[in-house]
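In the structure tokens that follow, a single protein chain appears in two forms: structure 1, then structure 2.
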Structure 1
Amino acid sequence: MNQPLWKFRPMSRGEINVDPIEGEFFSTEVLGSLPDAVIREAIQNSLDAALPGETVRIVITFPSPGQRLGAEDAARYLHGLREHLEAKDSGLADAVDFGRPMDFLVIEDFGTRGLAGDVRDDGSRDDAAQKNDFYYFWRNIGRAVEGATTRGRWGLGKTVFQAASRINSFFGLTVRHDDTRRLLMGQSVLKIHRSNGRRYAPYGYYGRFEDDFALPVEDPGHIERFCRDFSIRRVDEPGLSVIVPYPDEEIEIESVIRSVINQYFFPILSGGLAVTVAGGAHEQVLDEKTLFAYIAGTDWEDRRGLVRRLEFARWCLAQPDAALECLREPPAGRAPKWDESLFEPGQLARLRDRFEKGERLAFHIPLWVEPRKQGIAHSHFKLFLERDAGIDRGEDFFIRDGITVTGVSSQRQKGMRVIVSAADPPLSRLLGDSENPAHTEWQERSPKFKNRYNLGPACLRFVKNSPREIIRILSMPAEGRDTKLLRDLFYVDLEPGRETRADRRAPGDVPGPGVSGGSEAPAAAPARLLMSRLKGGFRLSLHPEAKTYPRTIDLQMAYDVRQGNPFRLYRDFDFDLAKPPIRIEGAHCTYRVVQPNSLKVTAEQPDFQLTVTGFDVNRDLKIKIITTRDKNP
């Protein structure tokens, strides 16, 4: 049997010189970062290959220094490759020191079908290759199965694996669900280059060969050693393991974890995906049960906002169809547009009232699509929105079949968060056809989308603009005078106890430090206290004209919100009075933190003072005061 090796095909006389360009579709300008690209494409491919009813499990392994492959062992897997890598016109950005241990990255999926199909298919029988995963993974770039409804479209996703390697090469080991065969191959993509006086094609393979035709390695002994050398976890479970030798140094554990969470939080929270990131003896599981605890334990500056986003996503996933507000389908044959005609009689007024109260809303939005030369297909997408005073800009997330399309955004409404989820096949197919190769944008002029649908661009804009338009419609005031329109722009801070009639009607509407009344306040208003605003906090003391002073004072604090009761909407991540940066100082009084946002103060003398600072200076603070057991000064 032929020993496995790397081999590039010598080019023929007169053959046109064309260097590969697929790497340009995954430039950092398009993707944001290389880890984002690797995670996006790797998990997308795995979700596409999921077995029915199975949770897709991804394991990403960063070997410890002791697990790296020694130079002598590494040379076994570079046989036939080094002379091509070292060719001066190979296209590699930087030389690799092959005398040092080989670092590598392993990405494995489980709960998937592996690379099924005829391994000898060479493309001469395209009709038979329609469902040949092995053929399309190893022998096609830029070509995908026609009419595919899966997440990928361009057949370019796997090229990120070689882009992630400093030697532009990777290995793939698959165990197939249908016939349990274990198959090992490798691929290297260089520029057209010369070695030993011959000109070679840019694509090389690792495997066994019949002339220049590469076939996978199936020798059990070789595969078992390969698995040991590269710390592969797969034994005989179906799926695919990708090994990236000499990975780019930009790919680190934390950047990978961030990419997983940012791009795939929706399928993780739905229970359809679990990702394990392992580094040496430590490994972190990211699934529906561990995701929140992991984020809460990090020192990420944006962890509070991230947790609020995931809490909202979890709420979205928990909404049954019966709880969704169903809109009317736009008239067929005309460009769909957003206006009040999409709402049933009485529905809009009810939704505006809920929106005004700050309630979360969930919508089922019908939309027809019409592929050219086919009939109209009725489809839909879902939209969820919430208010969050903790975000200083609008957030919207467009998710197609579990993938967050990170480059699409439409709404800029401060304090609004929106998730748009499209998974129904006809609409998902239209959106997928409009995606760029990196799956980061929806483009009307995409060659796979242009002229493929009747009124396709209008349907695409209807979905892309849905967050902005539905907020616009819900924000339009009912006929008559809106008494609250400018309340966040013009207001007056009041001393405790000096409330207006409007305050009594709508406690909690006045931003800034102050006292809330209403049903939750005692009958005796704390007019004897003086509240002074400080940067990032307040000072509480006895009013100079007070005749008595309260013995005990209960204080409750929360950041103000645009709608709703700020005290009920308080979250542990807003602040904790017992933890920095909050700082509490008392003079002639004692205090005790009874809740993360509540204090009990005992005044010992009339000239007591309590100072609390460390709050977010960019947010208004609401303070509720309850006093008891007054004493004469």
Structure 2
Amino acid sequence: MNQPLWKFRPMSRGEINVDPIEGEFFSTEVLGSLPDAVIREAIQNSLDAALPGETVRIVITFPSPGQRLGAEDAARYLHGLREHLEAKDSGLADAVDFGRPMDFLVIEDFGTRGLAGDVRDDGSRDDAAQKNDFYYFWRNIGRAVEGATTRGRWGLGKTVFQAASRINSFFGLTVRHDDTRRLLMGQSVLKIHRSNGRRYAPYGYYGRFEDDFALPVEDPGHIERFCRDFSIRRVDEPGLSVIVPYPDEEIEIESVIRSVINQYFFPILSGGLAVTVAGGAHEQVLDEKTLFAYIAGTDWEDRRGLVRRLEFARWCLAQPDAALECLREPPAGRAPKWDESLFEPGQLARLRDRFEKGERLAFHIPLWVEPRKQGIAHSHFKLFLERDAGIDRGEDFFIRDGITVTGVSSQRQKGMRVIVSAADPPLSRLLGDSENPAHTEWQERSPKFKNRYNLGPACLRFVKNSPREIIRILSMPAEGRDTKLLRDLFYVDLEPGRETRADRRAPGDVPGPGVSGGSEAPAAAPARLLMSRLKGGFRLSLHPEAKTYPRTIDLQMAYDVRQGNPFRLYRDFDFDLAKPPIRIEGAHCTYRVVQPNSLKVTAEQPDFQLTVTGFDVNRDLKIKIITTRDKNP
């Protein structure tokens, strides 16, 4: 039995040079952040591979300093890889110090089927469409088998694991549900590079080799040692464990927890998903029972809003089908449109009345879809809406098969929160086909969507516009006199003490059944940081009344815009923190420019001070501050 090692294929003479580009599909510009991308893709893959009737459990482990792998032990798992990583043209952004202990991140799923399929499948057989998770996970990028997945489409998701590693590499250990085999492999994606005078292909594998063909390691002794070294929890339960060596520093416990909550609150609350985030001796379970208590115990500024959003989601999930307001299906064969004809006689007046009173509303909205060359399929989606006076602008969440598609939004009406959930297979398939590789948008022009459905774009728009259109229809002015019409323009201020909680609450603004939080949620935390304006910049220091001070502070900056998220609209040309004219000075703190518009600051003493200047004085600067663990001064 040959020893496992890393191997890259030497390229032949005349072979075309093409560097991998799949990382571009997952640029942080598209995804928002690397932790978001890793969590989104890892959990999505696991939900796709769920065993029927089982709750998918995900365990994300950040090893304590003592659990990190010593340099000598780490070298065993880098055998054959280091010379490629150290090649001048490998494409790695920063050099890694291999003399220090290896940090790593482990993402494991349980309750899933693992990577099933023939491990020797090299794609040369005619029955390539046969479902083979192993083949598609390890030997394909940018390709996914039709119908093998409900959530993914592009076969690009796993590339986030490489993107998350500072050496662009990861290991995967699977235990398969069907034959209980334990298989270990690894993959590394570099650029075309030269090592010892030879030119190598960008994709390298860890495993055993038959010539250049990689096969998984199955030696029990080797796998057990691997599991010990990387603190893997899996013994023989089916599923997949992904190990990301030298993870990007941006991936931290708190950012991961936030990503899990923001992107997967719906399946967690429905009981289909539970996520454990473990760091050293502590671990946090995020499931339907613990989620609210965890959020309430944080010092997140937006925790109150988050709790209300989750209360609403829980209420949505608790609604039986019989309680939903069923609309009429739009006429088949014509582009579906939002208008009053979708409501039964008398239904609209009743709903407007309930809407006006501020009640929560739940809809069952039928919609046909017609894949080309197939018949019409009847499908539906659900829409839930509530008023929340506490939100400045409209919030809508589009959830397809449990994934929150974060880039879709249709309504901006202040104080309205809407959840659209599509899980019925025909419509869910249509929406999934329109998703971009990062699963953040529904696009009419997506190549996997275009020309695949009759009136597909119209159906897509019907779903995307549903929050805005339903609110529009329900908000149509009733006949008669409206005594409250101008109350926001002509009013008398009450003294602060006279304003009651009931005044602040919107009509019908009640917590969902059996939920803590909402009005019980803790009040906003006292200010801990002081931001002072300087010409062309700002100064950051500890607030004089702060009782604790944050150890690490993440600062993100962007010029403000009238519409849209300024941080997403930031471009390198606006400013680059690492280049003049921007000037950064720190006292009793260290700082690092992690992206051209973001800084990571580590406070060393309570009297730390950070000054950043050199911004354009003609534009407004928006600054986002995220703090993590605190220290007492």
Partner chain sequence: MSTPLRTLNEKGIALYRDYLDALRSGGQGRPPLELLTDPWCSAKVPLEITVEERAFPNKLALGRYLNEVLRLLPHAQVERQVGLWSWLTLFYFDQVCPVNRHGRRAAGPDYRYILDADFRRFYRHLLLGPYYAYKLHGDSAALLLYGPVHQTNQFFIELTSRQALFANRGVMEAATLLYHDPKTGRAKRGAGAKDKPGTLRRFIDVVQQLDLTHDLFSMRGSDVVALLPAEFDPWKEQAKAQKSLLRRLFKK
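Quick note, the numbers are simply positions in structure 1, starting from 1. In this text, rigid core is short for the largest set of C-alphas that superpose within 1.5 Å between two forms. None of these values were measured; they are calculated from a predicted model.
Participant: Only one of structures 1 and 2 is the form predicted alone; identify it.
Facilitator: Structure 1 is the matching one, since it is the form predicted alone.
Participant: Indicate whether His588 shows a C-alpha shift of 2 Å or more between the two structures, with the rigid core used for the fit.
Facilitator: True for His588: a C-alpha shift of 2 Å or more.
Participant: So, does Ser598 move by 2 Å or more at the CA between the two structures, with the core held fixed?
Facilitator: Shift at Ser598: 2 Å or more after core fit.
Participant: Using a rigid core superposition, assess whether Ser541 undergoes a CA shift of 2 Å or more between the two structures.
Facilitator: Ser541: C-alpha displaced by 2 Å or more between the two structures.
Participant: Hey, core superposed, how many Å does Phe615 shift at the CA between the two structures?
Facilitator: Looking at the C-alpha of Phe615 between the two structures, the offset is 34.4 Å.
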